[in-house]
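Heads up, the chain below is alone and in the form predicted alone; it's given as structure tokens.
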Amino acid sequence: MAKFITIGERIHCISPVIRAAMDAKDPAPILKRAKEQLDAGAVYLDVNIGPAEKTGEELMKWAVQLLQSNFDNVPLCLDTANRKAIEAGISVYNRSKGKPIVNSADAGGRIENIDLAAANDAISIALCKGDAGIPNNDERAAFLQMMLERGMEHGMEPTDLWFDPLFLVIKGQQDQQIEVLNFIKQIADMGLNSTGGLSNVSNMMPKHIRPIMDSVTVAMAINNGLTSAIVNPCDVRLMETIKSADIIMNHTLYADSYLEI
């Protein structure tokens, strides 16, 4: 069994500090966030430049080269609605530590991102949704099948599609949480990989509650077969939970120092 893969979410243009750094091409704040996440145990770093319609290609190339040159070719998740920017980032990407991840495709207007990932031998995060509303599990399964077939038609390995069941906000969608967990198990039962934005679950909760809720959610999801998540790796409680779950699931060998590894 493979160790759980964490994708650090904190290099995101929604952060005023990161947005200013991207606009000015100031490496310091981005490198600081990257180091914090890698030191905390992140495997991949998500690089979210937003729509970046005018400068996306140049910006993504700059960010990819900046991060990989400073952190021993750390694997990256390229996150933008600008397809040309993703292609530009992949063109300068070093694969020695892992394939790039394209974030993200869905079964609606973004299905062509699967084609992009296939053409560039990349991993694609595939959201199990179409263009309208929150799907039920039958609809999620249909969307998954559609995207799986699309990827395989373009030469992708099934395991290079990381299916996102859509983690939902508990405040307002509490009744949907078991459905999401059940669908994660469906994905695992098919032998496929899964991921998703874990922080969505605790969105709008008080700051002191979020680590508790995120930690419990990820433990339950890992038990159902979740293989990856987009997380805040600087959340100590969350990362301790993930590392402990890896031990219990026999994904890593126990040592008294496992929390430090």
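Heads up: residue numbers just count along the shown sequence, starting at 1. Since the structure is predicted, the reported quantities are computational estimates derived from the model, not experimental observations.
Separately, the form predicted together with a further copy of the same chain exists; it is not shown, and the next lines address it.
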Problem set entry | Candidate site 185, 216 and 241: all three near a further copy of the same chain in the predicted bound form by heavy atom within 4.5 Å | yes
Exercise. Which of 217-225, 31-39, 44-52, 58-66 has heavy atoms within 4.5 Å of a further copy of the same chain in the predicted bound form?
Worked result: 217-225
Exercise. Among 148, 170, 81, 111, which has any heavy atom within 4.5 Å of a further copy of the same chain in the predicted bound form?
Worked result: 170
Problem set entry | a further copy of the same chain: the contacting residue among 142, 92, 152, 178 in the predicted bound form [heavy atom, 4.5 Å] | 178
For this session: Using a 4.5 Å heavy atom cut-off, state whether residue 2 contacts a further copy of the same chain in the predicted bound form.
Result: no
For this session: Determine whether any heavy atom of residue 205 comes within 4.5 Å of a heavy atom of a further copy of the same chain in the predicted bound form, and answer yes or no.
Result: yes
For this session: Examine residue 237 and determine whether its closest non-hydrogen atom to a further copy of the same chain in the predicted bound form is within 4.5 angstroms.
Result: yes
For this session: Evaluate residue 20 for contact with a further copy of the same chain in the predicted bound form, applying a 4.5 angstroms cut-off between non-hydrogen atoms, and reply yes or no.
Result: no
Seminar exercise, completed: Contact check, 225-254 vs a further copy of the same chain in the predicted bound form, heavy atom within 4.5 Å, ordered by sequence, gives 237, 240, 241, 244, 245, 247, 248, 249, 250, 252, 253, 254
